[in-house]
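What follows is one chain in structure tokens, specifically the form predicted on its own.
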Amino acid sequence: MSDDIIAIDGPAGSGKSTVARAVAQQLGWSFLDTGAMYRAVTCEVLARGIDLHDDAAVGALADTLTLTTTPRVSVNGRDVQDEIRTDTINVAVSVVAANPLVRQAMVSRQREWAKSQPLGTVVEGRDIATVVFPDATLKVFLTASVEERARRRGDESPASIARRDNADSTRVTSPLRQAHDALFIDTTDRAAQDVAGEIVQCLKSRRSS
């Protein structure tokens, strides 16, 4: 098992998932999309008619779910890959992700998953470098203009992106913020493979220094 972890954080539409997958592919490492985990939990909460603001009920549910994120996202064996990108989930996921009980359950799973990987792991999300893996081998924070991020998302307007930015950065539990020692990259007008290459090169440089 490897303790090597590249932690990639950033706001919605900054390119985290695409870049993280590209980095993992270039290095031959595993990849984990933590945002998909929170979206999958949100899908199940809504499917069961549970009040999004009932922290105890939502947290209890999250602790019992069986989640997979590859090759497709599923909850208890139900494929939700397409459902997690709907407008309904876009609005509701910020509420679920702010639930401290849900975050506790997901962080535990994320750490366990990383420990089980034979090689290094590339993990992306909102609090990966600051909370989940504060001792990561390399920390990265991606961003891009609001207009560019909305264009990439396709299913969200700049206003929706801005709303989620505010919700993610002001929540009490594990807010979105840049780790003080993270590599900062603005991905606006840059190809994912190019950004991934910069991250891989940074990792190699640090290892050789």
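Since we're looking at a predicted model, the values are computed, not measured. Residue numbers run from 1 along the displayed sequence.
What follows is about the form predicted in complex with a small molecule, which we do not show.
Remark: of stretches 135-143, 114-122, 95-103, 74-82, the one touching the small molecule in the model of the complex is 95-103 (heavy atom within 4.5 Å). Proximity of residue 153 to the small molecule in the model of the complex falls within the 4.5 Å heavy atom cutoff.
The small molecule in the model of the complex is approached by residue 35, whose closest heavy atom lies within 4.5 angstroms of it. Using a 4.5 angstroms threshold between heavy atoms, residue 148 stays clear of the small molecule in the model of the complex. Remark: residue 168 counts among the residues lining the small molecule in the model of the complex, judged by a heavy atom distance of 4.5 Å or less.
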